[in-house]
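Here's a solo chain for you in structure tokens, the form predicted on its own.
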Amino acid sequence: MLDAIHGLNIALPVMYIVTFALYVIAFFKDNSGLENIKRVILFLTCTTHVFYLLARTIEFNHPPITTKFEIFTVLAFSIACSYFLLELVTDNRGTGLFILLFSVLFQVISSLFIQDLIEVREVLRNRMLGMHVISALLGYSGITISAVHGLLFLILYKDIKLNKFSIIFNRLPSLETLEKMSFISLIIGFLLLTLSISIGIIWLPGAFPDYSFLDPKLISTALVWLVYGTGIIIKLSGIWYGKKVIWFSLAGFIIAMFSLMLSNIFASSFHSFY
């Protein structure tokens, strides 16, 4: 299986680059046939990536979360998979190049530097920990995709106000659709983050004797969850719409990244077992 893993490690960045290239070409050229092809290729890339992650987990007897380069490949998959789900839900395929670029970068870096780690701390072999971390990465990927669509909304909004009818105006979805895509991405991210938190509440107290609800990473994650949960409720109640939803998405993303940075750099945590 090791040869297959190494082969997939080489194939995946190529597949992501090809997928990204198809989305770029489709963005600049109106070709209905290419629209269908690029979605199929994205599906095949995500499916191949699932097999790669499962193969690594089985071969090395630990989820692919033990090094930053393993986490990079999970991030590449998380972003691509979250976008694929968004594309299926909204049936809009015009923003993929802005999202899949991140998958290309993460996977290329991962494939260049990832190693075959067999000896790792025992806690890192636990499948529940793998589910906890991967669902969290999927959640933050959804939040990131929401923020990207928020930025695209603001760019298009500015172009419309300035009467600039460029390629952005011609190829991007409408403002209403971008708002919808941003909000759906946010909901996907929120649900996956909720799953990660739920797994943590059930499993982490038994796995770590020094577990504490005052742990900095738990507090920062709970803060992000509360911010997004509150915003979703306000949006669904009809109080916010249009630019207010977009600004909330961007503000939430900044809060999420800032809180994660602070908790990782300046605070000690039982999560620090790498």
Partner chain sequence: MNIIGISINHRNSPVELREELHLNREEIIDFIPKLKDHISEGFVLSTCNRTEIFGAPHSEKVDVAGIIDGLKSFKPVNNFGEKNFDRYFSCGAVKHIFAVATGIDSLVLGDSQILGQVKEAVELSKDLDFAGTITNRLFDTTIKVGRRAIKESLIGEGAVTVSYAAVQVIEKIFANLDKKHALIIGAGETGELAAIHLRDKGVGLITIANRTYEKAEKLAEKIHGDIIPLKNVAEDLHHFDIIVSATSSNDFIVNYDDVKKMMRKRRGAPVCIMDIAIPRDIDPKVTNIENVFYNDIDSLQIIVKQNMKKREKEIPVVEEIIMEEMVQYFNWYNTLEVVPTIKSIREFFEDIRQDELSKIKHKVTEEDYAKLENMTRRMVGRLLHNPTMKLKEIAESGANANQITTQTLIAKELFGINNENLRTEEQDSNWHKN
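Residue numbers count along the first chain shown, from 1. The model shown is predicted, which means the values in this text are computed figures rather than measured ones.
There is also a form predicted in complex with its partner chain; it is not shown, and the following applies to it.
| said: Checking a candidate spot here: are 68, 72 and 117 all in contact with its partner chain in the predicted complex (at least one heavy atom each within 4.5 Å)? | reply: Negative, none of the three is within 4.5 Å.
| request: Determine which one of 74-82, 151-159, 134-142, 104-112 lies within 4.5 Å of its partner chain in the predicted complex, judging by heavy atom distances; exactly one does. | output: That would be stretch 151-159.
| task | Examine residue 28 and determine whether its closest non-hydrogen atom to its partner chain in the predicted complex is within 4.5 angstroms. | result | The answer is no: residue 28 has no heavy atom within 4.5 Å of its partner chain.
| field | Distance check, residue 172 to its partner chain in the predicted complex, heavy atom within 4.5 Å | value | Heavy-atom contact with its partner chain at 4.5 Å: present for residue 172.
| query | Should residue 196 be classed as touching its partner chain in the predicted complex when contacts are defined as heavy atoms within 4.5 Å? | reply | Output for residue 196 is no: heavy atoms all beyond 4.5 Å of its partner chain.
| Taking heavy atoms only, is residue 241 within 4.5 angstroms of its partner chain in the predicted complex? | Residue 241: yes, in contact with its partner chain in the predicted complex.
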